[in-house]
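Only one chain is included here, represented as structure tokens and corresponding to the form predicted on its own.
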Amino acid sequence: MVEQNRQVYQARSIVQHYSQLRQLQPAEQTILDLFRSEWSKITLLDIGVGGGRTTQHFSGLVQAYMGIDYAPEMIAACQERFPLADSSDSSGSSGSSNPSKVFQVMDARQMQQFPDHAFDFILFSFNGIDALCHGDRQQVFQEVSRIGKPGGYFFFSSHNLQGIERELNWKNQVSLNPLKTYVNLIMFGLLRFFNRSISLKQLQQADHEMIQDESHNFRLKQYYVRPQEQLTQLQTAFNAIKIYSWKSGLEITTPDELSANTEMWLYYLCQIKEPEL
């Protein structure tokens, strides 16, 4: 499944799609503004950089910027989009003493090229981590906590199981608008077809699940997780975890608000713990 997802991200049409994206999500803009006075002192790692959507917003603000992606085609697209960027060698070092942008092909599960505590801020945007299965995600969290500086930050987005649970209940697809109802039911039918082995009851009882959703015409199978379960997973290596709304960019501050949230994905800002002795 993970390799199948990788192949989707290597497809020419998908690379072109991500190369054309420009705007930040509301939660990303919130974080950009929140750290506005600190970016100039920050070394930033942009995981799953894709076609460079986030590069254009963050790279000019930080002290040092590196973007990585496990799809060589995505890195090639970034280098074409930002022709003055450098490519780092296999050790992770750049050929320039103070490059503004560095891109490298690398898998987030295996970032041995980076030493411990190398980055102040690590970004994994646009639900890129959800292309991985449960065990691989835990491996990414471990690697991030290793290469991130203690007290530094990890900011990522992930699909919300509560959101897809709502979508897989046909009753939620009916509205007063007949055309909207028709479109909703068509999408519901496709979602059910591609996930016919998963019942609504099974989904309601799960903490996380792999869902073949509508992304890129149902070509991706992605990880969906309940927010409370995601918090539990993160608590081993991270603290001071904050959750932000995808739609508004506002922080979700109460357990009731979190348990009732049905947005399709959420953003998590985590502070990296001090390593245990």
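Every value quoted in this text rests on a predicted model; they were computed, and no experiment measured them. Position 1 is the first residue in the sequence shown; the rest follow in order.
Not pictured, yet referred to below: the form predicted in complex with a small molecule.
Residue contact check for residue 227: none of its heavy atoms lie within 4.5 Å of the small molecule in the predicted complex. At the 4.5 Å threshold, heavy atoms of residue 70 reach the small molecule in the predicted complex. Among residues of the shown chain, residue 74 is one whose heavy atoms approach the small molecule to within 4.5 Å in the predicted complex. When the small molecule is considered in the predicted complex, residue 260 lies well away from it, no heavy atom lying within 4.5 Å. Look at 245-253, 206-214, 48-56, 30-38: in the predicted complex, residues with non-hydrogen atoms within 4.5 angstroms of the small molecule sit in 48-56. A heavy atom within 4.5 Å of the small molecule in the predicted complex is found for one listed residue only; from 114, 126, 141, 82, this is 126.
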